[in-house]
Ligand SMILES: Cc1cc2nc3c(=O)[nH]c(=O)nc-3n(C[C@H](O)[C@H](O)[C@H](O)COP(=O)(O)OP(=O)(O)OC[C@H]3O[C@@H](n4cnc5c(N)ncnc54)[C@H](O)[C@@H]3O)c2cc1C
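We begin with a single chain expressed as structure tokens, specifically the form predicted alone.
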């Protein structure tokens, strides 16, 4: 009897969830392979929504997806743990021990066997080696990071809101004006507005939010400058201080220092500039990696040194025929995930993987909470079409809906969307704990 192949996927982000779901349904349920998803958390949150988790606008109790329950219904298995090593000779993934809140060991270091491995760990913010960033900034790389920001932010809101008169403003600096930084800046102002509904004497003047970008415009990766200009105007309108051409060289308890010596006072610094793959991926298992720790892959997403190991999404460096590299975008993570599933299924049949990834920019959308949504669609077709307002908001929302349908199926995904919509009507719009 032929040995059942072990397919292991490390990382339960959007790409990891979609490839685990597809392989679980296609080969796991049929007994053609054992599919295992590994993630350090116990539940999945769509990463573009982390800024809403951080401000309390999204409730993890209702919007999070439990990996174990989803695995049980979709033909794959789930193992909770953090990858710390890779033994390519014995084809094993090494997981760190799991400890409780008191430091007691719940599970020892483990090794998970694989025949095919998919690394889908995503990316983290790049501190660029700037003095004080690691020590004095908060990041928005994971659900745990978002929850920590939520606790600090809402505690500050509550303390100020309980007073009859406002004290000094809460000074928050957001470094990096990509989509995450821009959306986080707007969402904080929305959270302040929502607090009024809880009977607190509070308004937008409580917050002094400064959005800082080293480039000459916010959203520097968005091709159309008019979109950047539109978003900058809306942010300024709601009270966000937008600073471009501003390079940070130091962060300390008092705030940030720019390259011209200017000090920007801050009670909290949210660092969201640049990306890199987690440091432990640098040459893990002897695999080839680049200067930002991304695993080097071929165009079919196989790693350059091992055809049984794939890497997808932000943690992979995938070359393109034009000499460029696939950008770290949600759309490319999803597309490479689904394509890699097809390649692995071909290999299970004894065939060579035949699908190569060619990136096509489907566009960019930026959602400024309830205030404004703007973006560009189908950018690969002659520059694309600019959209804003309700149409842009509808398209932005549809991206999350498509993710739900991909991991739950059309029927259950549609029911979940209806349930979430009803929940937003009958439940408070801000979670305070």
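Numbering follows the first chain given and starts at 1. Please read these numbers as outputs of a predicted model, since none were measured by experiment.
The protein also exists as the form predicted together with the ligand; that form is not presented, and the subsequent description refers to it.
Participant: For the three residues 132, 271 and 288, which mark the spot I'm curious about, does each lie within 4.5 Å of the ligand in the predicted bound form through at least one heavy atom?
Facilitator: None of them does, since no heavy atom lies within 4.5 Å of the partner.
Participant: Identify which of 356, 241, 331, 257 has a heavy atom within 4.5 Å of the ligand in the predicted bound form; exactly one of them does.
Facilitator: Residue within 4.5 Å of the partner: 331.
Participant: Only one of 344, 177, 120, 186 gets a heavy atom within 4.5 Å of the ligand in the predicted bound form. Which one?
Facilitator: The option sitting close enough to the partner is 120.
Participant: Hey, in the predicted bound form, is residue 47 touching the ligand, heavy atoms inside 4.5 Å?
Facilitator: Flag for residue 47 set to yes.
Participant: Whether residue 280 contacts the ligand in the predicted bound form should be assessed with a 4.5 Å heavy atom distance threshold; does it?
Facilitator: Because a heavy atom of residue 280 falls inside 4.5 Å of the ligand in the predicted bound form, the answer is yes.
Participant: With a cut-off of 4.5 Å between heavy atoms, is residue 211 one of the residues that contacts the ligand in the predicted bound form?
Facilitator: Residue-level check for residue 211: no, no contact with the ligand.
Participant: Flag residue 86 as yes or no: does it have a non-hydrogen atom within 4.5 angstroms of any non-hydrogen atom of the ligand in the predicted bound form?
Facilitator: So residue 86 does not count as contacting the ligand.
Participant: Going by heavy atoms within 4.5 Å, which of 101-109, 177-185, 298-306, 223-231 lines up against the ligand in the predicted bound form?
Facilitator: Selected stretch: 177-185.
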